[in-house]
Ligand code: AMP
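Only one chain is given next, in structure tokens, and it is the form predicted on its own.
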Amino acid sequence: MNVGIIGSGGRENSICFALSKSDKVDKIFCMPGNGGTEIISKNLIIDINNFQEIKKAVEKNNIDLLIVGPEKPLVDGIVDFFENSSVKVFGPNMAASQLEGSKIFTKNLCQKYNIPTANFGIFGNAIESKKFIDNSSFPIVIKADGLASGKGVYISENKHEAYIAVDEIFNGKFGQAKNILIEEFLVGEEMSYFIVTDGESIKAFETAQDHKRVNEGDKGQNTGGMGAYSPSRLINKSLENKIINKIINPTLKGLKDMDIEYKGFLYAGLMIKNEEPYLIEYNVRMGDPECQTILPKLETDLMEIFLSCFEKKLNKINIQWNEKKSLSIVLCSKGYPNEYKTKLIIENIEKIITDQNNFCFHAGTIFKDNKIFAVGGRVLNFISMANSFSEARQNIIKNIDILNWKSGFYRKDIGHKVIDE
């Protein structure tokens, strides 16, 4: 089969790498891809928000299956667009993608189906929002309703910070805002829990913990993700049963009650407090950088998993994982998540040690004139699997030192909760 992968980040590079090992895959096309995917597949430089352009590329290259990496095409309805064609698209349809596309849709679902989550309020303008804030205790969480690339969440420590968050959201920092979500701050530890579903069966697809803040010690601005480790230190059989029975199953039932079938990956961002899970948010695709951290642990053919979902035979597949600890660190351009320089050459990349346990997945890069250039904020993802998280982190830092890219920076404390310093 010929496969198309939509997206250009580290997540898409890791999916491309995993599929390249499958004997069920003939050719891989990445739209638009990056410097890393260019080396193992064919990049098609197209606008992934233009579905007609994607359709032309699919027809021209005889693509049988599309894997959608980022959330926006899913929320905008790419699965629905190809519904009556011969092309299979892996991911939820537009209605199901509201779980990520509208935080308010998800919160209302939680309320109706008694899914544990933070108490919340929904407000349609800045005046109402600030009145509520005036009577709130802090810290408080303020969220833009729609997509914000992982950055539309504010944890405000006081009234002044909360007012700024409200103004920025309603002034269009993340696009037009009709509503805003304000919720209580949950105290606990975060965990990312992933499943894959064919619309009938569900299978766990590992756990992880992401590090969102730009600075060490989990301080500074929110980012798309500075690194992750897998599995989460919190996961156990009892907790997993609670996640499935209290959060995942009621969510899928709620969608079914609305005649919405969910197919694809589902990523639950959770807060764990006293061994109890609370839903923070849903993402309707694999996370980034969690995907890069998790996929190297997968021992089952990824293409088999995708095909079983289309054939509604997921229950017949035994998804197997290795027992190693996996850790990823994102190397970013200096200045990220604010302004940063682009078109910067990255030398020494061929000197990096890569093998069955050590990987380098590209994100914001391009391959041009046989050289790799940085063109984005998050540039490279270094991943290592080892018997301990400490060993994995040492392997990664050794590779980053070999690269010696003076225009980049990274968090040296990824995995600090599972590594004794």
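Every value quoted in this text rests on a predicted model; they were computed, and no experiment measured them. Don't overthink the numbering: it's just position in the shown sequence, from 1.
We do not show the form predicted together with the named molecule, though everything after this point is about it.
Student: Considering the named molecule in the predicted complex, find the one stretch among 323-331, 195-203, 278-286, 343-351 with heavy atoms no farther than 4.5 Å from it.
Tutor: Every other range fails; the passing one is 278-286.
Student: Given that the named molecule is left out here, which of 212, 242, 130, 233 has a heavy atom within 4.5 Å of it in the predicted complex?
Tutor: Looking at 212, 242, 130, 233 one by one, just 212 meets the 4.5 Å heavy-atom criterion.
Student: Only one of 319, 87, 115, 118 comes within 4.5 Å of the named molecule in the predicted complex by heavy atoms, so just point that one out.
Tutor: When the named molecule is considered in the predicted complex, the option within 4.5 Å is 118.
Student: Contact between residue 168 and the named molecule in the predicted complex at 4.5 Å, heavy atoms?
Tutor: Result no; residue 168 lies far from the named molecule in the predicted complex.
Student: Find out whether any non-hydrogen atom of residue 190 is located within 4.5 angstroms of the named molecule in the predicted complex, and reply yes or no.
Tutor: Flag for residue 190 set to yes.
Student: Does at least one non-hydrogen atom of residue 163 fall within 4.5 angstroms of the named molecule in the predicted complex?
Tutor: No - in the predicted complex, heavy atoms of residue 163 and the named molecule never come within 4.5 Å of each other.
Student: With a 4.5 Å heavy atom cut-off, would you call residue 153 a contact of the named molecule in the predicted complex?
Tutor: Output for residue 153 is yes: heavy atoms within 4.5 Å of the named molecule.
Student: Determine the residues of 175-193 with a heavy atom within 4.5 Å of the named molecule in the predicted complex and present them in sequence order; the list may be empty.
Tutor: Read in sequence order, the residues that approach the named molecule (within 4.5 Å, in the predicted complex) are 183, 184, 185, 186, 190.
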